[in-house]
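First, one chain by itself in structure tokens, the form predicted on its own.
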């Protein structure tokens, strides 16, 4: 049996993991039912509810909206980082929300979809321990309130009091419920088959190679996922697909001991732990 505790400890983090074979139900877990702060992994639930509302005709995914420059949610990517007003479709906002974790794109969709609807979807799907309390602007505003500064904090005493790191007071879930949500998308249960195909495509377009994908550096293995990052938090949840048809949902949530923003080992252990879990499910790992 793999010593996941030792693996995570060597990377300077506390980690929680769940991996499941989407066809057989075989699973590997390490703290799989522990509550975790989702950070931007919450955008998975928003993506699902967005496409469910499109399926019901409550919104038009192709509708074009203008995001005003003075109404942006802070963030380093996508519309959040642009200088001018931007006009694009709702589903292209969904693409930016997933591919580059664009906070403004996410909050624009939340304005249309509604957090209450996201939570109703989660509850009706049996994901009773997953809840979205805040949009991105709310998460970032709470950091400013807790620290009294605009910059992301690195002082350990300041970081320790951040509400966004406390699963009881922020967007939360568990590794197991996160892989269940991914399984719903991959099995066409989360929405219509057409919408689930759209979601799988968008998750496959995520640009970050340094976490989950780093564990599977093979040309014939596809990795689709969604990252989440906040001070000391590095997360990713996704699906790994092999050329023989094997497909595995994996969710890894970590919290680092140190507060430095750049911690390559903490990023890389997500891929390492995921690969070990998937290899065990495939019968070739220990």
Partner chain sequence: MDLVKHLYYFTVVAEELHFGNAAVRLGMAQPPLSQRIRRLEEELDVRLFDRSRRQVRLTAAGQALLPEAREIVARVERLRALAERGTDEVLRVGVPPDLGSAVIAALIDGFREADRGVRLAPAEMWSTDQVAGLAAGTLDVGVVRHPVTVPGLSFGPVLVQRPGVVLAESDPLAAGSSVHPADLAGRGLVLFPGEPGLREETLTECRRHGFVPEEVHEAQTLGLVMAGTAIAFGPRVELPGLRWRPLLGDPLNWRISTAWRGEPGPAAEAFGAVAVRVLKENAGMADDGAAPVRRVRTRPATGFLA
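Only a predicted model underlies this, so the values are computations on that prediction, with no experimental measurement involved. Positions refer to the first chain, counted from 1.
Although not depicted, the form predicted together with its partner chain is the subject of the following passage.
- In the model of the complex, its partner chain stays beyond 4.5 Å of every heavy atom belonging to residue 108.
- Shown alone here, residue 66 lies farther than 4.5 Å from its partner chain in the model of the complex, counting heavy atoms only.
- A residue is said to contact a partner when one of its heavy atoms sits within 4.5 Å of a partner heavy atom; residue 272 fails this definition for its partner chain in the model of the complex, lying far away.
- Interface membership of residue 154, defined by any non-hydrogen atom within 4.5 Å of its partner chain in the model of the complex, is confirmed.
- By the 4.5 Å heavy atom rule, the three marked residues 77, 256 and 259 all count as contacting its partner chain in the model of the complex.
- The stretch that touches its partner chain in the model of the complex, counting heavy atoms within 4.5 Å, is 69-77, out of 123-131, 69-77, 87-95, 180-188.
- Scanning 202, 159, 115, 196 against its partner chain in the model of the complex with a 4.5 Å heavy atom cut-off leaves one residue, 159.
- Taking a 4.5 Å heavy atom cutoff to its partner chain in the model of the complex, the contacting residues in 37-70 are 39, 40, 43.
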